[in-house]
Structure formats: structure tokens, C-alpha cells
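Here you get one chain, nothing else, as C-alpha cells; it is the form predicted alone.
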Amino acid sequence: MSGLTANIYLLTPEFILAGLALLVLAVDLFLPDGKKSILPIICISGLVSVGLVSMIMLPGVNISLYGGILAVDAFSLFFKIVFLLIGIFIILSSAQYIKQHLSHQGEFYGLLLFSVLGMNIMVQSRELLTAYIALELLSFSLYVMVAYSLSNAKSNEAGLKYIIVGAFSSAVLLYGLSMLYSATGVTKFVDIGMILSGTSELSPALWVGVALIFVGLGFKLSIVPFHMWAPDTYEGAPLPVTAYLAIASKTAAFALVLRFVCEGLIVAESLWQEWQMIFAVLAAVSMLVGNLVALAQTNMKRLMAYSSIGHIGYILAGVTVLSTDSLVAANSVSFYLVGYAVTNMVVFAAIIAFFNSTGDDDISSLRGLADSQPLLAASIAIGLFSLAGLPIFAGFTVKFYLFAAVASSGFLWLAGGAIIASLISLYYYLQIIRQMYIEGSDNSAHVSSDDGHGVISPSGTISLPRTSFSTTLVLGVGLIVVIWLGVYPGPLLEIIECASEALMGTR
């Protein structure tokens, strides 16, 4: 027993996160409605504390806990910090939205913290059942958060669709896990890799098991053709939850896929080559379908949903070329996840601030935004330019590294398809920027009122309330990071390389 509990202190960040979530729920019970603004302060302070504890306790640690079920290493530490920063961003950028549009704030923040806990455990998991339980902790939190706007019919519909598809995908994933276990008798990634490397041909049960696992993960990641839930869910969910779905859940799921593939699949090189072509086709279809369908969207949240599907295709292309011979692909995937997360943070923070002022999320409602709110317009424009992959922004650097890794691994056609898809995305991103900077203001889209929404000035232009300090802080820091990663990504790449070395070294 002492051997099992000797290193339990290494899970201190997770225990603090669980305690913080319970603390927020408990404090909310005793706070009057006028004092709820203290809840985001408690959450941010707690997340910062968890980050500091992690950075003090865990650097240099590379150990597996409980017989290889959980890994505490540089890879998990890197993504833990990323998840904590995403959580802080969501709280900072959405505190005003939650205050204006959602009731039961304490439960919302508690669910957010429990979802961060689920992501932390996911990235540490080296065993399928543990990963599944962590994934469900994240998923159940998201199911409730998507349907959190009780007075909004679209939110209720989105939550219903999401939980039905989520339950189905979880069942598929669990059935695939059981099939794999029936064929191998193991669930640890490393043990699966050893068995796969020792066989030249997959048994039908083993092949079906691995396939169903990736189908289940494909639903979670909204990979085409398993993406049908994403547009409706993104549109109906409250805006902070849409941002969280687009950023956090995708980052966590791909971190899990990275560990599973690197520890369990690529060691069987002959079998991995067969899977590579399947992944390559799914990546190509996802990036093209996502970007082509985005061209027809008029709602900002639906457009970002299809945009995220396209980016999932790019990242999947990086997963396709993972190998035991080089860290380049693993580095490029992790780097892309960070660049994609930061860029989306900037775009969604500005969209959330705009929605708080206008209550509108249609693309046409952004007309003339550059005149009334130049900071929001500039943030959206720079974020979209970065997502399109234009130079000096993070999107260009991460795409360059990822596409170069794909091309150098022999998948030139896939890299070419990714470049074409990026060019397509530039068109619909420019359409949004055109609304903000070229089209005139649409006064009819905004009603003069005293409820905090935009008002029409005597000159006929739309006057929106000033952006809050927390939103300004998020946008300022986000824009600096987007440009920094586009110009000087070296320090981050060094950290990512250490994380990839730890990941590949645990095989």
C-alpha cells in the first residue's frame, strides 16, 4: 500500500482543483445575488495557485503512478498549464456575460473547474479506462454548460443534441475499448503498443476495437464525417461555452490522442502505416469540408464551428505523420494546439464583448465596428488573419511548422490540400473583416436603450459601451502573444520539445 501512496503528493494540483470547485459551489450558497462578482475572483486566484503549485512541484518529474495508469511528466505539465490558462481566459472574458445572461453563476464556475480537472487527468492518462473516465468528467460538465441558458430555446436544443451525440460517441468508444481488451487483455497504452508491435496482422476484434476507439474520439473532436453536432451546438451554446468547446475540449482531446498514438500505436510501424492513410484521408476531408461549408455561414458562431472543423483537419494531418524516428511531428502538433488556442481566445473574447453590448452574433451585425470599437475590431481582424495563416502572426508560424512536418514525411498531397484549405479560409475571414472596416454601420441592428446595449448617437453612428478592464486585459495579452509566437516562437518550441521528449521517452 505504501508503494501506491508514496507519490500521491504529485497529484496535489488535481486535489486543489477539486477542492476549489467544491469551495466555489459552497461559497455560492451563502452569497447574496449582489455579491456574486467575487466568484470569478476566487476561481482565477485558485487557478493561478494551481499553476504555481504545478510549476514548483512538477518540473523535472518523469514518473508513472499506480502501475503506469497515470504519467506525471513534462508533457502532462505543459498541457496542464495550457488548460489552466484557458480556464483563466474563459473566466476573465466571460464574467460580464455570465452576470448579464446566465443565472446560477456558482454552478457554472464549478462545472468549469471540474472540466479543467477532467482535462488534467486526461493528459496524464496512460490507460484507456482512466482516460475514458476523465473524458466523461469533461463531457458531462460540457453537456450542462451548453444547455445552461435556460431561457434560450436554442441553448436547450443544443444541449439536447450534444448529450445525445455525446452519449452515443461515449458508447462507441467504450465498446471499442471492450473489443480491444477482449483481443489483447490489456488497456495500458504501452502494453497495447507491445502487443501490436509483436504481430504482423491485426485480428478482426483488435482492428474493430481500435477503429471504434478512434470513431468515438472522432465524434468528440468533430472530425468529418462525425461533425454533425458541432454547428448546432456551437450556435446554441452560450458564447463563453462555445469558446470553451472550440479551444479547451479540442486541445485536451488531441493531447490524449498524442499520448495514445505515441505510446500505443506508432511502435508497430507496419500497422501504423495502414492507419496513417486512414488518418490522412480524414484530415483532408475535414479541412476541406470545414472550410468550404464555412463560406455559406451568416452566423458568427456557426462560422467558427466550421472553421474549427477545418483546423481539426490540419491538426489531424500532424497526428498522421507521427513517428518514432523524429520529434518534429509531435512538436508541430503541440505547437499548433497552443497557437490555435491563443488565437481563438482573442477572437472569442472580442466577440463575447460585442455580444454583451448588442446581443447579436450575426456576421452582418459587425458592420462599422471599427468606428465604434476599434480595439474589438482590431482583435477580431488580427485573430482571423492568424487563423488564416498570414505572416507575423502565430497562425503562420504554427501552420508553417505543421505543414513542413507533413510534407517532409512524404505526404506532399496532404500538405498541398492544407494550403488550399487555408486559402479558402482566408476568403470567409476577409468577409468578416470587410463588414467591420468597409461596410457602414447598420443602425437598425441596434436598439437605443438603457440596458447596456449600443445606442445611436445624434450623428447616426453606433456608440457601444467601453470594453471592460478584464476584456481589455485579455485582448491586450492575447494580441501580444499572437504576435510574439508569430515572430519569436523559439522559447515556446524549446518547452514543447522537452514535453515531446518526455512523451516519446515513456514508450
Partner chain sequence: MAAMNEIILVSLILIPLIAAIVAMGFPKDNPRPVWYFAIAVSAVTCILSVIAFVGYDYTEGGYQFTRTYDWIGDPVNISLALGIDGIAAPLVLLNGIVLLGAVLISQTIIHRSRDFFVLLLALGSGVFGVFAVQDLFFLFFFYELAVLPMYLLIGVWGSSTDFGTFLRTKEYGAMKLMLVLVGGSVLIWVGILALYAQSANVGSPTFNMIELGELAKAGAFSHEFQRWVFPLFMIGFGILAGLWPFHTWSPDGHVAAPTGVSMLHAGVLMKLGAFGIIRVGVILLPEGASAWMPILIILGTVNVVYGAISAISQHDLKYVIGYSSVSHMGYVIMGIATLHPVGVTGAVLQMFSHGIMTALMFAMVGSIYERTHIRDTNVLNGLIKRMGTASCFFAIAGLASLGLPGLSGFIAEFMVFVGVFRTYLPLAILAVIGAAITAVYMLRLLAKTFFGEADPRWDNLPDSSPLEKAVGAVFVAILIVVGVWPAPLVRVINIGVDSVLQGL
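Residue numbers count along the first chain shown, from 1. Keep in mind that what you see is a predicted model, and the values were worked out from it rather than measured.
There is another form of this protein, the form predicted together with the partner chain, and it is not shown here; the text below is about that form.
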task = Establish, in the model of the complex, whether N331, R434 and G490 all lie within 4.5 Å of the partner chain, using non-hydrogen atoms for the distance.
result = yes
task = Evaluate P391 for contact with the partner chain in the model of the complex, applying a 4.5 angstroms cut-off between non-hydrogen atoms, and reply yes or no.
result = yes
inquiry  = Check A404 for me: does it contact the partner chain in the model of the complex (non-hydrogen atoms, 4.5 angstroms)?
reply    = yes
key: the partner chain contact in the model of the complex: T397, any heavy atom under 4.5 Å   = yes
message = Please tell me whether any heavy atom belonging to G486 falls inside 4.5 Å of a heavy atom of the partner chain, as the geometry stands in the model of the complex.
response = yes
request  = Go through 180-188, 162-170, 421-429, 67-75 and give me the stretch that gets within 4.5 Å of the partner chain in the model of the complex, heavy atoms only.
outcome  = 421-429
note = With the partner omitted here, the residue among I351, A370, L282, L206 that in the model of the complex has a heavy atom within 4.5 Å of the partner chain is A370
task = May I ask you to choose, among I480, I56, L29, I438, the residue with a heavy atom within 4.5 Å of the partner chain in the model of the complex?
result = I438
